[in-house]
Ligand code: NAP
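Shown here is one chain on its own, the form predicted alone, set out as structure tokens.
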Amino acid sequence: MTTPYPHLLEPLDLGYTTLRNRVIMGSMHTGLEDRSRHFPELAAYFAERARGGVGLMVTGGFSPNMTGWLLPFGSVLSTHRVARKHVQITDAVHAEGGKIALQILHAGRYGYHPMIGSASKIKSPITPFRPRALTTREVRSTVDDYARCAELAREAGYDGVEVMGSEGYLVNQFLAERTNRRTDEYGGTAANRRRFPVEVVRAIRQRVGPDFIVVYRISLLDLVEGGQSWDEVVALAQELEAAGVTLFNTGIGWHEARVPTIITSVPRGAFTWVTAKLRAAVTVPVAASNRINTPDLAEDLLARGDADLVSMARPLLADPDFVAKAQQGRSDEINTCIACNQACLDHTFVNQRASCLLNPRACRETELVLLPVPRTRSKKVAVVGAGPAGLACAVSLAGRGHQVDLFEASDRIGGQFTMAARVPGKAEFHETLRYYRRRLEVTGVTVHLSTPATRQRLREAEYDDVVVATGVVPRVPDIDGVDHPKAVSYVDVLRGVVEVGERVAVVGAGGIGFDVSRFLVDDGADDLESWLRHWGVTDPAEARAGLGDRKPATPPRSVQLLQRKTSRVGAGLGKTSGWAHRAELRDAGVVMTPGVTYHRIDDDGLHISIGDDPAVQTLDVDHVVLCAGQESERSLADALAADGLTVHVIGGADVAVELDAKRAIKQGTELAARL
């Protein structure tokens, strides 16, 4: 069968086994790994992706011993009893024709418990606990623990293991001068620092034999001061290959690095050029990773020889059928990951179960089930509003077999998602709208654009249920002069209705305020080279760890971002992306001020006072952009309920919290599963 993705879908012969294509599902800790009672759910999660055609999946990290726990009593594989419990996972994957490897991850100083150990006694900036330095004897014992964990993984039916050697975990801590100040045989010279990972791989290979996949997740760019040089990375890779590595997966940046590597503002395939450098230095297959989210991008990088495989984690949360759709010529139906992190990594880093903003079934496959309904039970349903909540509900209902009419007052779908897509670094949001447009066609939803759903029309059509997803309207703050020509709504700014001047004050520093500020200071450059210059990412052969001088562009406007709250500006942003959004605005010279009292807006600008200081100062600005929150638009829902119709209110119409697409899509999907 001909395919537009011949390289991506080509099998990979590893000698003793064959991967059915070049797609690896990269490791992502979901929270289901930590307790064996969740293994049935974990089995269903992986089985769905195996059924979707992935070549090789890698589990979330399992520690080889207690010292390496990520969390107290977290995921660990160190006994035969636990190995037996894993069999349900591997059996489920193999029943669907897939292959799966268990990731062995020792957290080192990244562990969130008091028993952590590392190469040296140097505290991590992202955990409160200071590690103790492992003794030489403990290091050797840890090598044995890795090998035993791999042996147990084979006993449990896994097709291989992945040694987590990147992102700043224990193996990385041994490799970098930043965290390795040892004076024994595991420290000092670069050769000594890489002794630990080489011994780990050698011990694993000796224990599991020649016919077992051993993946090593290698850090190509540490992106931290005191990280590895390129020569050290290459020397490590070549020694690991000699020690028995089957293939290399790649990692970019430590968790403490101040360079974003996976959020939506990172250009697609931003680091594949580094993978190509490694591939030229080794003979075993190499997988590219980070911000690869479409089959077209994956095919291109494989075709030009940047890598032998692609590793994607979040894209397979968003769409478990990614590979199957590419293979069947249905790539336009792929629910493309937008790298928002809101339901996956942001959940993981606060000890919540991971999922996906776009696919709330991810990691909930056994509880959020969209079963088809018999024709005799099919309902006639109206969905009012084509924002994220309404779209998710409409396509899910129609996919189950209900007859669905979708009403949208504007001439396009998307609601406020269309505005978010205009923010620099959020162009991926267009992919979500593309996906929903196609799903509306595939599932047979009848779409009525430029058609307000009136109370009379809905009542006369005799719908069994009406879903109101009418969203939000901007809140108008109580500021004297808010109707002055200088005062403009964020809606008009993002939609291009208003041409904003060179000096701007933004009122409200929630997610919308940050997005608007980023929109206003954008210089228009969206190429990879500009992004690399901004963040100081450079060729690791020229600068250790790939960390060079940052060279942000000059912004076209002067912006002040203000909030009433006295807390840090941006404190409510995402756990794993908020720091980068704040850094981008600081780089653009945006002044972020908390504790602001707004007095009035007039010809002179915005009059404010700050904190306890009663003095009023005037900000001489051309425009004041109002980002002071939203209010639910639910007047239609109240009227329909008064008429006795069965009404369900979802999304912003239910709760007006920022532009919370995660909650909206989840709520819409869950409602569709119930009706």
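Just so it is clear, the model here is predicted, and its values are computed rather than measured. The first residue of the shown sequence is 1; numbering continues from there.
The same protein also exists as the form predicted in complex with this ligand; that form is not shown, yet it is the one meant from here on.
At a distance of at most 4.5 angstroms from this ligand in the predicted complex, all three residues Lys426, Gly508 and Ile512 contribute at least one non-hydrogen atom. Stretch-level contact analysis of 31-39, 622-630, 49-57, 644-652 against this ligand in the predicted complex, using heavy atoms and a 4.5 Å limit, identifies 622-630. Among residues of the shown chain, Tyr463 is not one whose heavy atoms approach this ligand to within 4.5 Å in the predicted complex.
Using a 4.5 angstroms threshold between heavy atoms, Pro477 counts as touching this ligand in the predicted complex. Taking non-hydrogen atoms only, Arg132 never approaches this ligand to within 4.5 angstroms in the predicted complex. Heavy atoms of His581 reach within 4.5 Å of this ligand in the predicted complex, making it an interface residue.
Residue in contact with this ligand in the predicted complex (any heavy atom within 4.5 Å), chosen from Lys565, Arg140, Arg330, Arg181: Lys565. Only one of the listed residues (Tyr598, Tyr435, Tyr112, Tyr186) places a non-hydrogen atom within 4.5 angstroms of this ligand in the predicted complex, and that residue is Tyr598.
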